[in-house]
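Alright, two takes on the same chain below, each alone as structure tokens: structure 1 and structure 2.
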Structure 1
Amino acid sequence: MAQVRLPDGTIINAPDGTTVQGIAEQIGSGLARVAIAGEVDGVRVDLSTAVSGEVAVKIITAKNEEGLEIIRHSCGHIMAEAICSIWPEAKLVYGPTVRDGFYYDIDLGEAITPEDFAKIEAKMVEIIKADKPFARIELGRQEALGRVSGSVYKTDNIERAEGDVLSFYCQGDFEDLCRGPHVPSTGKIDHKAVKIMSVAGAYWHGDASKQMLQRVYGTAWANKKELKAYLFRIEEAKKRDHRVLGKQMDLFSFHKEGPGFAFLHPKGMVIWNEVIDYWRSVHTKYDYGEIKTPIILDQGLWKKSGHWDNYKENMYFTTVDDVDYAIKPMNCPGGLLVYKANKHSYREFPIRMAELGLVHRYESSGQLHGLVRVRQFTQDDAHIFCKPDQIESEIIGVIELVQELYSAFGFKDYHIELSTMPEKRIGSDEIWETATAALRAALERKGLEFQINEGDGAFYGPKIDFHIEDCLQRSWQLGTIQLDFSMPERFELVYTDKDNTEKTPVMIHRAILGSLERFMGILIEHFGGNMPLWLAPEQMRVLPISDKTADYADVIYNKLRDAGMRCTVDCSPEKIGAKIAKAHGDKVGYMLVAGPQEAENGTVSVRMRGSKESKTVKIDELIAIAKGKIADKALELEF
């Protein structure tokens, strides 16, 4: 007899060899109907898997996240079969699940286009309706290799797979090498909850020197309602896209005369400047000095710093008076020269030099993306020079600064990565080891969770990166803390220590918002353009009911301007409803309706962005409230 322990702790008995499906039936016929896979002792298996002895079993349904993943994986196979039936010459490569869906990499001479999606979907519906069972076949390594003979991709997959037993899954005549598990039959998928989303190129094994494959993306959900909800979420996310909002709100633009170079408009500059003002105040508090270094510097400097050898392909160059210059891609060499301008004592340490440095990095055209991936950007950079025994406390100080800055913008969700020694690098292995250990120690001291990103450090040192997600759930790096023992040595930086000898300082490179351009893009998406009052390009707009109260509107406007509010008046001949709609479209924080009633009492009727109600307040009262919200960096407008 098998003793089966269920997730809630109950034990049920079943004859040895009972399948997971059988267990589900024993629990209840309803569960058996919706079961799509199982988990035996923590391992996901097909419903047809037999159990015996003492085991823990969990039944997976479409309601579980695991269930959805299995559905998506099975959908990948169904899509693969559909594609192969349309293009028999298609060679399948690899088809995993991803967040919200799945993809399949396919090698096919002919290009698959969005016009083909309907055809693929129709074929998939046909396969689903045929309710073909998924059958698992297990083979030894040699037999498996024999079974896929002729397919370079599948042979490669087998060579990369671990273990001696490899499995194949068949649905009817279609067969694919696959770890599984799968739904019991294609009919378990709701054909109304599946959709082909896009097709794009992808290198085999992500290697640019390898063949370009076609990657077809699909999504699958438990039912039609969830699919619709997902598609709705995507549409909503697109409305928050900073490129869309940037145009709509007149914040910035791009032009073909400078691809990858953002042009900031007056309203965009308001956000930019507010961010910087706040940034400066926090840096003053954390005892940073600020410097500014040139954008164009002699090429020799970049050879000395190692950028020439390690970063040249991302740099811009220019020649004037027969002298070769580089446009800076990083601020550190300039910062080093500032350090070298004076002699330093250990008593000054740590020296924290911040710089809002404008850098240029050549990025190949395919990777440009609005404000978040550009060729020219301003880093909120800083270089900290300190003694080795100050490293940990300095790193901790930066982490605290990161947390303070992010929370002011309402960013609570970010993840941290620790990147280690890359292939292209300067400095000895011992130095890398010490530096990496120091970063790790600081993170652990702060009790922060982080993941290791092997081989992804900067060429001069390991780094801690802070990532947040945009509205389309793409992850973007913001802050970075990089430890560098090499650059100070190369530039022969010294300080006089207590014992009156000259020693080499340690250098910490760090950026918190990362790129101000990227940060602005993420801010726009984060707030959906509805900026908190302190960041809003237009904090308030006075809306006179008609020309009759135009004079009163001007009085209010002047008072607000005098109080330092960013404010305009809408004196167009529109009706008040139209003015309100327009102001909402422009994402103005407070809409101040001014009619005869208000004029008589010295008040305005305040309508808040996003709200249908309004409140009547005295002008001075409004100013006091707004000033309070701005000073507190309040995220909400309500009062």
Structure 2
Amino acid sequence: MAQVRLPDGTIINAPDGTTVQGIAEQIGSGLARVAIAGEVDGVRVDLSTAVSGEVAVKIITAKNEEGLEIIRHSCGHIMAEAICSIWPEAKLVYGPTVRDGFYYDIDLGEAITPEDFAKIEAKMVEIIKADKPFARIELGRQEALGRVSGSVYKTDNIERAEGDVLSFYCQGDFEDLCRGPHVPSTGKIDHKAVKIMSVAGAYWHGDASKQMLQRVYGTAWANKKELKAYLFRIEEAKKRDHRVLGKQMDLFSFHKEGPGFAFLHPKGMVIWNEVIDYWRSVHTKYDYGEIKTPIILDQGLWKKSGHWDNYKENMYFTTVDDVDYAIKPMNCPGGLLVYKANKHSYREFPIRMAELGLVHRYESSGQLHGLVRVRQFTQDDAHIFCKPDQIESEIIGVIELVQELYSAFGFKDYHIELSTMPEKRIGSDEIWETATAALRAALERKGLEFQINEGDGAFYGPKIDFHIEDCLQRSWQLGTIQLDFSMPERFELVYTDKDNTEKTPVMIHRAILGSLERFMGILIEHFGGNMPLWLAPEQMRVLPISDKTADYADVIYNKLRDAGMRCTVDCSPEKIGAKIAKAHGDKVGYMLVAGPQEAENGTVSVRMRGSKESKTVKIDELIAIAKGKIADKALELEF
């Protein structure tokens, strides 16, 4: 008999050889109807998989995130079959799932265009309605190679695959190399919740010297309602595209003379400086000292730090007076040299050094994307030097700083990942284990939930990553905390301990906002350009109704400027309705209408951005309200 442990700890017995589908039926007919796959001892499997002995089983449905991924994976096969049905000469390459969807790379002499999406979708609906079972076939490597004979792409996939046994999945007459799992049949997918999204070019294996393929993207959801919500978010994202809003609001620009290098305009610098001013105030509160290190440093330094062996393909180099230099991709070696400039005692610890460091990293031109993917950016870095017994408290302090900073920008929903030892690394396995355990202990002490991200640590140490979620439920990786025992040893950093012996400090690398350019792009999209008052490039605009109140408008303007408000006056001959509409379009926080009645009473009629209603207040009252909102980092304009 099989002893099956369910996720809630319940143990059920079933005959050896019972399938995962059979386990679902034993749990309940309702669950069996909606089951699409399973998980046996942590490994995802088809419902047809048999179990025996003592095993842990989880039934996966479309309500699970894993279930959606399996649905999308199966949809990739359905789309591939549809494309091959329409274009029999199409050659399949590979088709993985991605966030919110899937794609398949196709080698086809004829271009697939958006006009073709409808017929691909129609063929997919036909395949789904046919309710074709997904059948798994397992073969030895040589048999598998024989089965794909003639396909250079599938042969390459098999040669790159691990293991001696490979699997194929068939849905009717269509067959594809795949490790699975899949839904039990195509009919398990809601045909109303599937859509082809786009097509783009992609080089085979990402190598520009190889064949150019067509990458067809699709999305799939549990039901039509979820698809509709997703498509709404996509349309909203287009409206909030920071590249469009940046031009519309005159915040920044890019030029062919410096691809991947952002040019910030005066209004963009307002947002930039407000973010930095707040960042500095919080770091002062948490006892950080700010440093500044050079952008160009001797190439030998980067060899010593380990960046040369692990990161040189992303670096820029130059030569000065026959000496080879590297333009820094990270700030840490400079921070190490600042530490080495003086002798240190255990009494000084922890030493917290923050830097808004300008770094350069190579990105291919195809990867560049506005402010969020650039070649030059400012990293809000910091390095903490401490004793081993201070690690946990220092990590907790950084976590609390992260929480305070993010909440000011309205980011309260985020998830945390603990990334472990990567293949390319420096330092012993023992050091890595010690460092990883320390990060885990700090997270557990704070009572924070986190996921393990195996093998994704920095080359010098494990890390904690913070992924925020914006208003469109998109995830962005921002903050990172990295624990490093190796680099201080490489640079021979020491401090005098209480027993008068020299010891090596522990180094904590951390960034909170990450790239400031990228964070600015995220903010613009999160708020749709409608920045909170404390970040708004133009907080107020005075709108005189006519030339008769122009002098009063200047009085208002001067009082606001003297109070530190960022404001302008619209002296154009336009009617007041047009002025208000323009101010709304320019994302101005408060529109201050100045008419004869307001001039007589010493008031202004305040129209808030996004509202059709007005409030009449005294100028000094408005200033007090605005200052309060700015001081509180309020996200809303209403008062």
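What we label the rigid core is the largest C-alpha set whose atoms superpose within 1.5 Å from one form to the other. When a residue number appears, read it as a position in the sequence of structure 1, where counting begins at 1. It should be emphasised that the depicted structure is a prediction, and the values quoted were computed from it without experimental measurement.
Asker: These are two forms of one chain. I'd like to know which is the form predicted alone.
Answerer: It is the second structure that is the form predicted alone.
Asker: Split the chain into its two rigid parts between structures 1 and 2 and indicate if A118 and V148 go to the same one.
Answerer: Same rigid body, so yes.
Asker: Name the rotation angle of the smaller rigid part against the larger part between structures 1 and 2, given in degrees.
Answerer: Comparing the two forms, the smaller part rotates by 25 degrees relative to the larger.
Asker: With both forms put on the same core, how far apart in Å are the CA positions of F232 between structures 1 and 2?
Answerer: Displacement of the C-alpha, rigid core superposed: 3.8 Å.
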